[in-house]
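Okay, so we've got a single protein chain in two different forms coming up as structure tokens, structure 1 first and structure 2 after it.
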Structure 1
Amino acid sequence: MGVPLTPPEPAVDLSGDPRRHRRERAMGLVLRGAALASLLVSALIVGSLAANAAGFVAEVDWGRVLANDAWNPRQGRFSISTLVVGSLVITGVAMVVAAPLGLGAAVYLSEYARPRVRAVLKPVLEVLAGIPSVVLGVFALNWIAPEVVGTLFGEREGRTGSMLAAGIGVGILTIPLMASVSEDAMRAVPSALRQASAALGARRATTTLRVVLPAAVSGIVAAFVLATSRAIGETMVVFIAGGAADSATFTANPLDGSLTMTAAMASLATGTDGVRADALAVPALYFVGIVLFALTLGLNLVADRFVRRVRRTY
């Protein structure tokens, strides 16, 4: 006799609760809208800058701009190279300060500090990021400029600030960002790599230098790029301690005073009577914003390509 056939069991519905699917679709639409809104805001900002800078590009005498060695838009002197060089010098000084100190703090917190010590030191370090930039600007002007720059390089008559003093102040402001992102990148490295290195007899310093740092290089580069972008965009510290008010002469000497692009925009935007002294002064603000946007975008694109090439997945 044959085995009696049992009727097939009804198929189990694995689609889930329809209400949950509706909530997930709604949340997806909300998140997509947020992403599109951010892109729209960015496009509107760039469009506004380009539209307002068009008058400057069309009317300015570019031969005079490129040959000029001073930035004084209220008197019709638009040396963009003065601002670009000033921005690069101050950003370079800031990263010389922030990169080693921030990375050193990150290595200590990630690899050497005990859990209790780390629980105290990391919040204290991150509190530095909450200090208003105007406070650090006053500190750089009243202490770093005379006590550090003046002591090391000598006082200059009539000098109240310099790119070196401003760069040190910006570097102090950037240390928490560099340290926090780098430390997160190093703590993301699997503990198995550290244990394997220790099993081979490597010391902690060797493990840190040859295992952890190479494994976290993509995150460290990202931290460096974020810190650099933060330094390029800093305004108040340079505005207060940079040694230049609303005009600057072309110089690459860190001991001299100059302006960054952001500080030049801030100084030009103050004093409406002075701004109206030249018809192209206000459009120059938007053109400087375009240059700053292009510089920052190029830096991020280069860094993103480098990070993609060295990124490791564990």
Structure 2
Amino acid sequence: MGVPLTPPEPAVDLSGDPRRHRRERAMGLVLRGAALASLLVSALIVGSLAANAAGFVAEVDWGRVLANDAWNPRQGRFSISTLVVGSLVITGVAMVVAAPLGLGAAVYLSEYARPRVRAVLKPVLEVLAGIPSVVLGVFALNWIAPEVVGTLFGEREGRTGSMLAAGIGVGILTIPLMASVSEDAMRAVPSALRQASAALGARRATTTLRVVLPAAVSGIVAAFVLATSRAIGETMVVFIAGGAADSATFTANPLDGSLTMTAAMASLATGTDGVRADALAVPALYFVGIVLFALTLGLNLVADRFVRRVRRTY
């Protein structure tokens, strides 16, 4: 469109306005650059983690890292197993809360709820998904710890945060993720399967348990893995309500306070601009970061596999 810049030599010029072609090429390049930016971000993450963690790996006393005593970087104690066990306990508690509640909510929304009920309940669940994790952290410290953990296990346990209180908080945070991914998987099951089951005389509960859930199983596994990965990576709830400040002794008891990998990173970073701590404190931050990154990347890749399998089947 528009008048060609140069008068056309052949009888009919079908090449059009050169400005359009130039703009077309330019936009193609700009958009391609934007897409490549995501690769750059990944490269920078891996690069900066590896470069900064390298000093730690080279200089630290590995006996300290592999010991099962305590995580206290300011005293040069770097027991990584303390943090990994902390992460496992909290993730375990979180999944005990999130898996049944999230899956149950998803089954109800997908198989039982009438469209009008669903139109109300689904957005409420999405609001829950939008609540920032600091808010859950304060809630876990000020309400879950005294009212739930304190009531169940005695006053003393509920006074400050604990891994149990933080784990429940993280679990609440991951319910919406668990629910929405597994609901998507169940809604992707063709209704012909449900109709066939009903036509054979199966009750709705039987149809759900024997037909829909088996057909959606890979999506449900994906939901579980994604929620686990999210729980391992959750920082603020544990930082606020985990019951430990900036050091933790090795423990696997959920009623104790401890640190996860993420909370240890946050508390290490909190103090870095004050007193110069152990020279390895900041490199240790990156080292924990790279362990965490590798763990969640692995889980996410597994989940991705399962999600894609759902798409391929139906």
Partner chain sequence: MALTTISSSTGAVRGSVERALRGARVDVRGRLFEAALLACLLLSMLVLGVLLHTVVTDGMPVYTERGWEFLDGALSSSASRAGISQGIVGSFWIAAGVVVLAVPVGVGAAIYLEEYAPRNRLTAFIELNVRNLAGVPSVVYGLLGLAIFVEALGGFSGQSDVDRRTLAAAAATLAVLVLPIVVITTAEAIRAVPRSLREGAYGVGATRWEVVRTQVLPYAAPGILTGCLLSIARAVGEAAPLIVVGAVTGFLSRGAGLSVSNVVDPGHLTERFVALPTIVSHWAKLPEEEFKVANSSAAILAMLAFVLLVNTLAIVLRNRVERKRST
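Between two forms, the rigid core is defined as the largest C-alpha subset superposing within 1.5 Å. Since this is a predicted model, take the numbers as computed values, not measurements. Residue numbering: sequential along structure 1, first residue numbered 1.
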TODO: Of these two copies of the chain, point out the form predicted in complex with the partner chain.
DONE: 2
Task: A51: Cα shift of 2 Å or greater between the two structures (core-aligned) - done: no
Open item on the list: After core superposition, I'd like to know whether L292 moves between the two structures (criterion: C-alpha shift of 2 angstroms or more).
Closed with: no
- [ ] Superpose the two forms on the rigid core, then give the C-alpha shift of V302 between the two structures in Å.
- [x] 4.0
Task: Once the two forms are fitted on their core, CA shift of M27 between the two structures in Å - done: 8.3
